[in-house]
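As a starting point, one isolated chain is supplied in structure tokens, in the form predicted alone.
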């Protein structure tokens, strides 16, 4: 396979560097996807739209990353807004917002619907009660008499000395976030104690802790914001609900799903991810393995695995029961007359009579289930491992290799951004490819057309990604080790940028197809879908050859290989082959599903 032929037309179209991985804006600031139900599926659409509104929508951010200062500022803005509209003090506005999970609209709705009930619920008095106008007052906690100017009361007017207030507030803050719902120390009073009392009576350390609890409450109780789940990250993410994809990328570079806070997992939905993670951690597969690869001791019932040797089995102490592996009968009843040490006539005759049909059927089902799960899990884990390796290589490239390459090739680092873009694309595609195996595991076995087409798409995606990965990893090494002619390096630039663009487009369309559930491949289109996938696999001699993944495992079963041979002449009239990237497309498509080249 000549890579130069495959990239012939891609070179001319890849000179402009695309910032985003998908139309949603990976990996930076979460641009909103221009979702169109009619365009969903594997009928790959023309990405070059003349409608300027499309580009505007794609550039819209559907989330914002917030640091500590941003959170505090937004919190203060919301408090000021409520305080101004309702004509109440700031600390009272803070109490209201905290009670209604920091929803300004909810506060306004409830307040104007029934102000009296809201005040009663949150503990805000309509009229503040002053402390008795006496020279000395008795503290309601320590019951000592103190001058009036050394006493303080919440709006309910119950007086307590400064020392008791400090102790009460400090204890509440040290007890945890419950201090945000502080009430008057008097057991019979439900009046709220707000931020103003904390600021005036608490120590500096307690005030800082209270402020941290308040910021945490603003993020954790607010349905529009969540903390980034990356270990050690202190950023929060504010999300615009109903704006398409849930995948976001924090400023710490960690990508995650805002809806379920697991790592970003397009094209799989959150429910599938939850089931897959649970299956990986559950004991069910252990039981399947035990059922498929062991038999219980007839006496103590402990599972025993036989991996070699004769049929004479002795259970481990303290049981030490001796039995036949095949029929599970006592070994004292076996010997030469039953077939010796490597056979059992009793078992064979009982098997012919059907005595072991049910147990053998259960063992076979468990074995098949285990093999199927292992097939998908190994490839899921292999792509995860490859992604981690790619992240390590990307970091090494940014820290060391780019500077070295810049010196070797006499190119400024700003002109080498195409290499970083390629590695970022590899990292993202490894993540997508990883989750396609979870998608394939839960794809119904009886949907043969969908499964066949899915495996074809998955195989093509893996082949294209391997090409890009090999170019970025192996071919780059030549230019790192020695000076080369400028023309050769420019050719490498064009090839790598072209591969990056083609791979990005293909994976973008793969994600769309899987998110739509491959809806166009239905029962009515089963034969057409099967023919399309079958014809696609033999459509061009210039396509990618079958290969192995980065883990060294051949793509079989779940990831169909993309080996294709022969000419496109004489093929089904329902498909056509792109002259640029050799990808096979449905006849209804006017643009190539992989590189967007016009037919």
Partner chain sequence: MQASRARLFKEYKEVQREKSADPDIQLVCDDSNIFKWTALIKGPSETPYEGGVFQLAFAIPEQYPLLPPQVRFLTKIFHPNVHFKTGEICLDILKNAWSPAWTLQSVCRAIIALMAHPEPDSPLNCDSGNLLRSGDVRGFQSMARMYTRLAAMPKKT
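As the structure is a computational prediction, the values presented were derived from the model and not from experiment. Numbering follows the first chain given and starts at 1.
Note that the form predicted together with its partner chain isn't included here; everything after this is about it.
Query raised in the report: Should residue 167 be classed as touching its partner chain in the model of the complex when contacts are defined as heavy atoms within 4.5 Å?
Result: Residue 167 belongs to the contact set for its partner chain.
Query raised in the report: Given that the partner is absent here, does residue 171 sit within 4.5 Å of its partner chain in the model of the complex, heavy atoms only?
Result: Yes, residue 171 sits close enough to its partner chain in the model of the complex that at least one of its heavy atoms falls within 4.5 Å.
Query raised in the report: Taking heavy atoms only, is residue 187 within 4.5 angstroms of its partner chain in the model of the complex?
Result: Yes.
Query raised in the report: Are any of the heavy atoms in residue 319 no more than 4.5 Å from a heavy atom of its partner chain in the model of the complex?
Result: Result no; residue 319 lies far from its partner chain in the model of the complex.
Report task. Name the stretch, out of 384-392, 128-136, 159-167, 197-205, where some heavy atom lies within 4.5 Å of its partner chain in the model of the complex. Result -> After filtering at 4.5 Å, what remains is 159-167.
**Report entry** Listed residue that, although its partner chain is not shown, lies within 4.5 Å of it in the model of the complex (heavy atoms), from 85, 480, 142, 300
**Finding:** Checked against the cut-off, the match is 142.
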